[in-house]
Every structure is written in C-alpha cells, then in structure tokens.
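One chain is shown next in structure tokens, namely the form predicted alone.
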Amino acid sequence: MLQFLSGSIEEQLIDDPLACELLLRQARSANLLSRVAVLCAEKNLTLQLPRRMQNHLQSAQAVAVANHRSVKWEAKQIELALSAEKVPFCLLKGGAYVVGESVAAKGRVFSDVDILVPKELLEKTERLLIENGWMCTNFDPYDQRYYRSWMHELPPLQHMGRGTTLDVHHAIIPPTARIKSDISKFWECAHKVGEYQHLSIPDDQDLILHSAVHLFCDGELENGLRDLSDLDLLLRDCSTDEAFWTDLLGRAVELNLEKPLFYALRYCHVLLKTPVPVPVLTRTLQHSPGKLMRRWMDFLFFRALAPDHVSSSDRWTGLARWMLFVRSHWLKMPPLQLAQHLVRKGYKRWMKYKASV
C-alpha cells in the first residue's frame, strides 16, 4: 500500500495478481480503496489489471462519487439551517476537500462532516441544528461534560432523517491541550467558496496544518494512512508554488503548530516519498523532540500509520497504536484531569464488561 501511494509498484501490479490482491485488501482496511481506484484511473492503469481488481476499483469509484454528492448536499443543508440567523461556518478536513475541489478529494470517502463555528455562536448553532433535525445521540452526563467543558467540539450530532453525523468544532485544538493556537487567525484566512453565502473553507496552508494536528495530536489512527495520504496530495499539489514552503513554515509559527508540521513532513517524506526539500526538513528539526525520542516516535508511527491489516502488522503494532492513543490524551489534558478521565473511562468499561458476563 505504501509503495503504491508513493508511486513505486505500478508495473509490478500488471504482472502480479498476488500483489493486486494484497493491495486490494490493504486499501480496503485503510479506507483507501476509492483513492487507489482514482489514482489507477488517472495513470491509465485500471484496464491493465486483472478483471477481478477492475471490478473492485470501478465499484470503489462509484462509492466515492456517491459519497461526494452526499457531502455536498449535506453542506447545503447545514448552510440552510444556519443561514436562518446568519451563522458563519467553516468546513474542515474531508468536507473542505470535497466542496473546495481540492486534490485531496481524490477518492476521499468519509462518514461524518466536520464544521467550525465561532465559539460565541456555539449555543445558537446547536439550537439551529436541533431545530433542523440533528440530535445528540450520547446522553451520558460524563461524556456531555467531557465534550462541553474540556474539548474543542460538541458531542457528535446525527440527523434523524438522513442518518448523517456532524461534528461541530469551535477550535482545532482542545482548550486544555499543551499546544495553544489562536483560532481567530485560522478564521482570518478562511474564504468563501462556490455559491455558498455563509460557508467557508480554510486556505491550503491551514488545511495542511489542521490535517497535521488531527493526525499527530488527536490519536484517531484508524484512518491514519488515509490522512497521511491527504497530506501527501496537498503538499505535492501546493509545492508547485516556489513560495509555498516558506509560507507554510511561517504559517506554522504564526499558529504555533510547528511540532505537528514536523511530524507531518517527516512521515510524508519517509513513508510516501513526498518531495519535501531537504532545507525544509532541516528547519523543522528545531521543533522536533530529541534524537532518542525521534527514534521512539518512528517506532510507533511506522507501525500505527501502516494499513490495519495482518500483512502490515507485527507483534508491536497493537502496542504502538495504544501508546499513541495514550499520548494523544496526554497532549490534550493536564495530568490530574487525564488521570481522572482514564479512571472514569476504565470503570465504565469494567462495569460494561461485568454486565455482559
């Protein structure tokens, strides 16, 4: 899978049915089959592959087209709901890629839509969404407090008619996190798109930086390789502009996101062969952990960012993913708050297990 995304095994696929089968399995487990389908079509490779693989790829392309149509419709419904009181909102991650027709939208399939709204309009936003069919499905008092007091988003909302999931953010980093970033600067560079009146999307640099924060700080690595591939496509597309790298490094400093950017550039370059200039990699090293810690993070991320498939796992993969999950909570919360949270969650899981025995 990594070799395909980095563009190094196309010829091997034509002559090796086993390599095709392995790619299919790894791509499906990484939620990247639709992207593989689009990339194969762009390289005029699809019709040279075994018929079985062609069928899977054509089906995956159809899924991506339908998914994008659904996301665009959902964005219009969100704007219709929030326009009643002229609430501005910014699409994030996959929704921004699709509506903004970014290169990262290629074969991008996802199940929820993420939006950003001003914090002072959060209550109004939630009320308008509830009035238009979105409802919270998690009524656990602790989880409600966790999201509303500590996190940078509301509890996930689900539309009662369409079944779509919506995550409403008021920042890109939890207020309790060790990294602090001024969200007002993020809003300053967001821009309107298409025929929308109140919908914006981040500019390319902020799309990259937010993707880096989400991947390397949030600990949600189920789609880690997909998110790394998003970054790879964005970086390759934007780097055609000579000023891009200087601007990206400067924007990371402005938003205090130098460390997530270091990890993004490092692992895109190493795993997907993204053509990041050596001077840029060297400059980001000043924001990296020490040499010993870098080796340890490589040990973890090389495993966690591989497809979640038996062919890409070793005896340490499960441990690596668990440790990065714990790390993400360590980055989000002060020690005492983290200890209380983990004890609470552990107790709830134990009680659920006892009830099922």
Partner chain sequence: MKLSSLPQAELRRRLREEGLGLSIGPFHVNLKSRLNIVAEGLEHLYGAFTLTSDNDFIDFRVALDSPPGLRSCFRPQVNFSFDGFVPFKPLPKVQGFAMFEWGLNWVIANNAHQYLIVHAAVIERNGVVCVLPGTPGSGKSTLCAALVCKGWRLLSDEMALISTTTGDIYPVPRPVSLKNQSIEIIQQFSSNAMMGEVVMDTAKGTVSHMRPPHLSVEQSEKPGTPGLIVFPKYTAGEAPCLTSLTRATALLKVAENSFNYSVLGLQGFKVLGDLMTKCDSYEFSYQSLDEAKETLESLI
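All values reported here derive from a predicted model rather than from experimental measurement. Positions refer to the first chain, counted from 1.
This next part talks about the form predicted in complex with the partner chain, which is not shown.
Put simply, of Lys43, Arg315, Arg295, Arg69 only one has a heavy atom within 4.5 Å of the partner chain in the model of the complex, and it is Arg69. Interface membership of Met333, defined by any non-hydrogen atom within 4.5 Å of the partner chain in the model of the complex, is ruled out. Although the partner is absent here, Arg303 lies well away from the partner chain in the model of the complex, with no heavy atom inside 4.5 Å.
Contact annotation: Leu18 falls within 4.5 Å of the partner chain in the model of the complex, judged by heavy atom distances. Although the partner is absent here, Gln58 is a contact residue: one of its heavy atoms lies within 4.5 angstroms of the partner chain in the model of the complex. Highlighted residues Lys106, Leu116 and Val193: none comes within 4.5 Å of the partner chain in the model of the complex, counting any heavy atom. Here the chain stands by itself, but in the model of the complex one stretch of 286-294, 323-331, 34-42, 60-68, 60-68, has heavy atoms within 4.5 Å of the partner chain. Contact annotation for 22-55: residues with any non-hydrogen atom within 4.5 angstroms of the partner chain in the model of the complex are Leu24, Arg25, Arg28, Arg52, Met53, Asn55, listed in sequence order.
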